[in-house]
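Shown next as structure tokens: one chain only, the form predicted alone.
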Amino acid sequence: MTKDLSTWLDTLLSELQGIEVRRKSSRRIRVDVQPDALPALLELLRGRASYVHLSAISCVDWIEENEFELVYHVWSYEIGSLVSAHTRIARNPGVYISVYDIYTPAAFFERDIHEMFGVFFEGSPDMSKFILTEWDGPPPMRKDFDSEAWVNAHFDFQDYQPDWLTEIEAKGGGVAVRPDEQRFSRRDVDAS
């Protein structure tokens, strides 16, 4: 990004109140924005700064702060730079507005975040499951999801000792830590 474009973008972003802009490099910019100002930021970036490509929306579960951080990555082919807009929402109830009307691909990312973290995006065209269609557990990417407890509650442990492994073990190789010696052992299932 040339210095002129950089100055122009900084001036444009200064039109919004309550945002913090940090340059990570000449081509990467981080913007921290309050949830109610994010749509205005995205509209500004798309409409006036040519950031027409929504590369991704990612989610971070900040469980100790009781918040989710949503990160919107938008790319400008003309300027050749990426803006990552970070905003935080309350973990409970975990509801935010869809930006589908600004970036159509948002529907895919919002659906994924809903499935994996439980965040509901109001106004998104489809919040149904599409990867974990038969999943009946809590959103698996939340930090309070206990995968070990869930596996122990839903699956039976089976010894797995195929001939090829027996042969490897006979030669001194094989499994370094046997399942019954591991933390997620069968003993926990038997105790419950």
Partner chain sequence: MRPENYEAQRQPPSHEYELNIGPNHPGIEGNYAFKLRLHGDRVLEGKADAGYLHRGFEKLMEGRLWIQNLAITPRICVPDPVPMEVSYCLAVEELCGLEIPERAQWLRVLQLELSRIAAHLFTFGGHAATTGMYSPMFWGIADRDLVLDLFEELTGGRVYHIYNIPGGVRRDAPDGFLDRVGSTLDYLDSRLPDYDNLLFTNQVFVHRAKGVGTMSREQALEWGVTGPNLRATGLEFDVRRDDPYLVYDDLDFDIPTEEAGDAWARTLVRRKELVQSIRIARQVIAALRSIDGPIRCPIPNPLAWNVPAGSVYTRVESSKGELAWYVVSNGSERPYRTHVRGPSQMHAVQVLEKLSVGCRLEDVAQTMFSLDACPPEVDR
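Positions refer to the first chain, counted from 1. Note that this is a predicted model, so its numbers are computed, not measured.
Beyond what is shown, the protein has a form predicted in complex with the partner chain; the following relates to that form.
Participant: Is the gap between residue 48 and the partner chain in the predicted bound form 4.5 Å or less for some heavy atom pair?
Facilitator: Residue 48: no, not in contact with the partner chain in the predicted bound form.
Participant: Can you work out whether residue 71 and the partner chain are in contact in the predicted bound form, taking contact to mean some heavy atom pair no more than 4.5 Å apart?
Facilitator: Answer yes; at least one heavy atom of residue 71 falls within 4.5 Å of the partner chain in the predicted bound form.
Participant: In the predicted bound form, is there a heavy atom of the partner chain that lies within 4.5 Å of any heavy atom of residue 104, even though the partner is absent here?
Facilitator: Judged by the heavy-atom cut-off of 4.5 Å, residue 104 is in contact with the partner chain in the predicted bound form.
Participant: Taking the shortest heavy atom distance, is residue 82 within 4.5 Å of the partner chain in the predicted bound form?
Facilitator: The answer is yes: residue 82 has a heavy atom within 4.5 Å of the partner chain.
Participant: Of these, 42, 33, 29, 57, which has a heavy atom no more than 4.5 Å from the partner chain in the predicted bound form?
Facilitator: Of the listed residues, the single hit is 57.
Participant: Mind listing which residues of 93-121 have a heavy atom within 4.5 Å of the partner chain in the predicted bound form?
Facilitator: The stretch 93-121, when checked against the partner chain in the predicted bound form, contributes 104, 105, 107, 108, 109, 112, 117 at the 4.5 Å heavy-atom cut-off.
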